[in-house]
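Shown below, as structure tokens, is a lone chain in the form predicted alone; questions about how it binds or moves come after it.
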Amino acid sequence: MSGEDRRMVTLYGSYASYYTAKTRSYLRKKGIPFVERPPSHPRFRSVVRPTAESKRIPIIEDADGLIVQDTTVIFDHLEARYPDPPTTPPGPQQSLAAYLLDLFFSENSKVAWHYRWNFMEANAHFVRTEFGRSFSPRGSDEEVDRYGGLIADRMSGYASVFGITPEIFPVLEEIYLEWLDTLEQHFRELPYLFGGLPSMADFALMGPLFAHLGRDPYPLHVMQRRAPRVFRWVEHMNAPEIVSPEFWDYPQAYLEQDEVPSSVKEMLRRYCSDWTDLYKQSARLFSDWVEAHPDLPSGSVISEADLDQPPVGPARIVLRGRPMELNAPLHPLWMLQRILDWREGLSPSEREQADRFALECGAGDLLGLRPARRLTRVRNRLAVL
């Protein structure tokens, strides 16, 4: 790193990356000085990746040399150092809504995956070039296409892992159009999900809405045609200033009296209805795994294959009337554990408000889940405590 780079955060990521979009927007809105480098950067290969024991982007290298991987861990780390403006709303209802949306949008990329990889007639050249440039930023067209093709071939193999079959395509497209319609009305009245400040939920929403749905040709066209205010919000989430030109007189604060907009409640109800059963099955499968491994010491990595985010078995759900078979993810249980820990830290009256709101938006069953054994991260891999 140069002397100038050492005075700021270095973000290693890609413009085609779901999770880099979330982190880049966060760094800009928080006013944290940073530079961005692709995963092909020599320091990423020689220092960052070996130190993190992970190649999963984004990874940040802080100004003091600390290397942090996983967007949730990155946000927790940086939020402690740069608390203003806060990305967690102050009230229990808004906070719970933000935590839940962060969980949902961080842990479910199926809509974005579908619109990228199942519309390759429109997307192929752009997507292959974007991935290719991440690994050979100044390469020839032929070299860039070769690298991009390798990534595309690998990603196409995830369809069965995610349960994305032709039978489920119409449901994923229905969900995307619902997002656009709900958010289009929301952003007519409010600059962000909870008022005049961007929250963790806004940054999580940038994962699907920027890198895939707001840049890849086919879904971008859908967004611009159907929801121009959403497109404008995506643009502004990549700008450093908090106040957009359209909301120049809106106060830079979360909504008063812990208000959660009806549009946000509706998004939560739909998401809870669609995906709670998957998380329930993940919790049951993890419980079975814990029972089968009773003597593992604290700090044991869960995956025998050294996967950082291992599945816990096959799940079968019904998504809006369509059967869906997919790998049950474990990482959402780690994120859910964080929400449950936050809830336990509330005062009795705040906890009552949060629980009442959870029932109102359909998240009661979700908050009733408890991982059979506490989860942690060791070497940037899920492990048991």
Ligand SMILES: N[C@@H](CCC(=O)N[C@@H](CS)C(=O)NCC(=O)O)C(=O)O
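Quantities reported herein were computed from a predicted structural model and do not represent experimental measurements. Numbers for residues come from their place in the sequence shown, where the first is 1.
Note that the form predicted in complex with the named molecule isn't included here; everything after this is about it.
The shortest heavy atom separation between Met155 and the named molecule in the predicted bound form is within 4.5 Å. Arg338 falls outside the set of residues with a heavy atom inside 4.5 Å of the named molecule in the predicted bound form. Not displayed here, the named molecule is kept clear of Arg356 by more than 4.5 Å at the level of heavy atoms in the predicted bound form. Though the partner is left out of this view, His331 does reach within 4.5 Å of the named molecule in the predicted bound form, counting heavy atoms only. Interface residue among Arg28, Arg43, Lys55, Arg351, judged by heavy atoms within 4.5 Å of the named molecule in the predicted bound form: Lys55.
In terms of contact with the named molecule in the predicted bound form, the residue from Gln93, Gln281, Gln309, Asn108 that brings a heavy atom within 4.5 Å is Gln309.
Across the options 338-346, 57-65, 33-41, 319-327, residues that bring heavy atoms within 4.5 Å of the named molecule in the predicted bound form belong to 57-65. Contact annotation for 9-32: residues with any non-hydrogen atom within 4.5 angstroms of the named molecule in the predicted bound form are Ser17, Tyr18, Tyr19, listed in sequence order.
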